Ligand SMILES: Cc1ncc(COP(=O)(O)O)c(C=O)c1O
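Single chain ahead, written as structure tokens, the form predicted alone.
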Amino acid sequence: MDIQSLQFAKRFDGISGSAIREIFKLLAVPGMISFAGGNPAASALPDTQVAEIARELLLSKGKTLLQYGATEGYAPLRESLVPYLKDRFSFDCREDEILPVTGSTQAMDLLCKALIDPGDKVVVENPTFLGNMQAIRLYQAQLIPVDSDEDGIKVDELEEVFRREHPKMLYVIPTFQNPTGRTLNLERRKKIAQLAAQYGVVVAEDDPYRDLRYAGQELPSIKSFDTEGWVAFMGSFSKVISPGLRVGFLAANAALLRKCTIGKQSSDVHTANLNQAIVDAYLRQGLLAPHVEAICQSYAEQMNKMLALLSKCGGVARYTRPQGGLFIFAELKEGMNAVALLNKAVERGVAYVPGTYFYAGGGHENTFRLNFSMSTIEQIDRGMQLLNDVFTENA
């Protein structure tokens, strides 16, 4: 029988893969300036420190770390995460309420595996991170978008959706949101925790960018206002230590976490022991805070340079002004199409991500996302001039 007759699972119907990953294929041309990704800068990766930690760990605990580990995670890391979560995210939890995962994307996958049946409804910000929308769609959920403004997701509209649609879950990025860079304000954080308990909706709070703050005041997590266990908190060390280590964590009530742990057993058995131990040592040795302080200084300069040039960019109608994170979201004048203009930009030597891919229902073709962390000041200067040329010519 011809292999072309192979029938794939229906869960893949309409799933085409990450638009960002597809755009990366356009970037093989030498000298291409990419504002399309979301990676940390190469200078922000602490390779020497990690090498020293890894060597010490392998010499002292190598036999243990190179063996199979517990699905529940490397015990010392779970222990060190308890004070870390209290200090950085303002909530208390026990070690048995923390599950180390292989990147916070796995946390999203495990929550869907534990909670979502085909046809269940999941509320998302509009726009939101396309990677986790894809994860949700693979479990055949119905995405319900709720619009956002400069203070984050609109909670009045959110409450109406909760009342009308009875969703199973809300997915939200409260701090320096991807793709907009916006931050959910304090009152809305409190309100979401209250609505979750009132309507029985699990909140998947995704907060990987929190430490990358360049201005303004820190805010407590939504989880810190959760009194009944409806908020599941997803965190990651990908943006502040290394994405290649693939170490994140899920903090949730024990019953939900147990289901996620069972789901993880059939996914990867456990997150790599050595990688968990490296992150644990990084925390215990007090290396994270000075490292974050150093990279934030550079990122702030890069972001401010891009914002200054964006204000002069032809064809741009409006854009967000984040206080941190890795992204700026912009809107072209009515009638312009960021999808159609991407190839023209790539031909000039610069790339971005069209914003339409971040909207659950598509549309918004005149929007686009810019990343500044992977580019030098000189590359930002040059790349923004190239975008100005493309947008001005097509305005």
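Treat the numbers as computed from the prediction; the structure is a model and nothing was measured. Counting begins at 1, following the sequence as shown.
A second form of this protein, the form predicted in complex with this ligand, is not displayed here; the remarks below concern that form.
Residues within 4.5 angstroms of this ligand in the predicted bound form, judged by any non-hydrogen atom, belong to 99 to 107 and to none of the other stretches in 296 to 304, 264 to 272, 191 to 199, 99 to 107. For the candidate spot formed by S311, T367 and N388, no residue has a non-hydrogen atom within 4.5 angstroms of this ligand in the predicted bound form.
Put simply, Y171 is close to this ligand in the predicted bound form: some heavy atom of it is within 4.5 Å. By the criterion of a heavy atom within 4.5 Å, N126 is excluded from the residues contacting this ligand in the predicted bound form.
Looking at F162, you'd find every heavy atom of it more than 4.5 angstroms from this ligand in the predicted bound form. Interface residue remark: Y209 is counted as part of the site for this ligand in the predicted bound form, having a heavy atom within 4.5 Å. Residue-level contacts in the predicted bound form: of K154, R246, R88, R137, one residue has a heavy atom within 4.5 Å of this ligand, and it is R246.
For the residues T180, Q276, S236, S221, the 4.5 Å heavy atom test against this ligand in the predicted bound form is passed only by S236.
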